[in-house]
Every structure is written in C-alpha cells, then in structure tokens.
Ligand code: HSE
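Listed next as structure tokens is one chain, alone, in the form predicted alone.
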C-alpha cells in the first residue's frame, strides 16, 4: 500500500462514528434572461445529516419532499455527491447513515437537485475537516458544476445571495484551447427592498424535459435583447429595483418551453402585462415574482394580486398554485 493510500485508509477509519449536519438553500435560476448563469438563494432549506458507519450498510431516511419517490441506494444524489467529495482526498467509506429533511419541492424549478449535490459535497467537506483536511468553496463549485452540468443553481446554493456563474474554455499561453473548462462565480447581495414571492404549482417538470424543448439556435435579435436584459437584471437586483421588469425580460428560453407549463407561462405573462416583474423559476414550472418595498407592489400586496391573476387564467384544467412570500438567503450552504 502506498503512503497516500495508507493515509486515506487511516482517515476513513477515523471518520467511523462521526456525524455531520448541513443546511442548504433552495435557489431560483435564470430569473428571465440569465439562462444557465444567474441565480439567487432562497430561505427554504433542506437539512442533511450523515453518519459514517463501521459496516458496509447504506441507510437512507427521507422526510418531506421526495419521501415516496427518491431512491434509497447508492444512486441517491446526496450519496453520490458525498462520495465524490470524499474522493478528493482518496477516502472511500462503505457504511453510511443519511438523514434528509427535505423542504425544497422536487421538480419545481427551485434547485432541489442542486441542493442535493451541494449538500452532499458540504457533508463531505465537514467530514474532511474532522480529519484535518478541507474543500475550498471554489473546489466545491467545480465539483458541484461537474455533477450538475451547469452552475446557475449550484452557485447560489453554495454562496447565497445573487450569483452569476459561468464556464469558459481554458487556453494555453499561445491561446489554444486545452480541452479543459473552468467555472467561476460573481457573488453579490440582493438589494434589501426586493421581496420575492414564489408561485409553486402542484405539478412537476424534469430539467431534462425542459432542456429538450430548447432550440439549437435563437434569432440574433432575440439574443441581443437578452444580453441587454441580463445586464439590467444585475443592476436591478443589486442597486436599482425599478429596472426589475425590463431586467427579467427573456427571449431565449421561456417562450420555447411554454407548452411544458402553460398555466405558469400564462400567469407570468399576465403579471408582466400589468407591470409586475415575473419569470419562470429555473426550468419551471414555478414562477418567481418580485415585489419591492415602497413600490406599488411589495410582497404582501402582491399575493392577492397574484391570486386574482391565477383565477383569471383561461385554461381547460386549472392548476393549483401555492403563493408564498420568501426571503433571500444570504449565507448559502452551512454546517449545523
């Protein structure tokens, strides 16, 4: 056995019996024009607890969202992410008792899969810290991005607040691509007057299905308009909430996905027509609506207006929506 392998085995044995707990927030990505890049963290949380066992048994308890649908084997996303995090130090553990208290709805465009990935990696980080090792936030972002495939939800789940995350090809000193990709993030607090309201339907939508509806190309004029809106989105969320309506305008993804969530799309359009900033949250089908303190519609004034617009939708079969004011999370994933 090599020295490194021996050290990893020793660390694994030291982890037996250790318990760690983390809390990870829900997220809303895209926010209109920020496709696969912009996101905010929301004060709705999954709590995860992991205990390393001295057997090869895998025990998974799930309470709340997904309790009747999530797997109870090694394919569970938290288990996979935890294992990937420990593997950074060459550590493998056979026995695990995982407890998940899930409050983030599954398949609603609120970052449930990103929360599982970031939560699993954060559990691994807390375990590594107990044996004198660590994972930096940057490495956590890179690993989470690898597992998720895009950084828009995992970034705010890690850092909290408003994030813009991006991927770019790595080049050598001569400017030639190396085939590697790097991921980075800009983090900023959200303007304190902004008060989001979530409109969560009772039906779900898989991210994979939503991505299947995206076109391979979009018109140049739409791309140009989206670039302007995305720039204004950052200004609106950070310093000037008056720009939220134009800053949440999208031309490249919500329209193409409208058949996957007709009620949500209709509600979003109805609200925007009367000047209320609204966007599909992530891949949908939830809608995020932005109230502003001191403006005509703050979060409390928005709720009855949203209900009126829901009732006014012309649909064959009405979707039930849960209308909930929600705070911005400012911390991201944390140890409990």
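Source: prediction; values computed, not measured. Residue numbers count along the first chain shown, from 1.
As for the form predicted together with L-homoserine, it is not shown, yet the points below apply to it.
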Legend entry - Triplet 49, 99 and 126 all within 4.5 Å of L-homoserine in the model of the complex via a heavy atom: no
Legend entry - The single option of 211, 188, 139, 72 touching L-homoserine in the model of the complex, heavy atom within 4.5 Å: 211
Inset, instruction - Name the single residue among 76, 195, 108, 257 that comes within 4.5 Å of L-homoserine in the model of the complex, judging by heavy atoms. - result: 257
Inset, instruction - Tell me, please, which stretch of 145 to 153, 82 to 90, 175 to 183, 226 to 234 lies within 4.5 angstroms of L-homoserine in the model of the complex when heavy atoms are compared? - result: 145 to 153
Inset, instruction - Give a yes/no on whether residue 41 approaches L-homoserine to within 4.5 Å in the model of the complex, heavy atoms considered. - result: no
Inset, instruction - Answer for residue 36 alone: is it within 4.5 Å of L-homoserine in the model of the complex, judged on heavy atom distances? - result: yes
Legend entry - Proximity of residue 286 to L-homoserine in the model of the complex, heavy atoms at 4.5 Å: no
Inset, instruction - Considering only heavy atoms, tell me if residue 207 and L-homoserine come within 4.5 Å of each other in the model of the complex. - result: yes
Inset, instruction - Taking L-homoserine as it sits in the model of the complex, which residues of 94 to 110 have a non-hydrogen atom within 4.5 Å of it? Please list them. - result: none
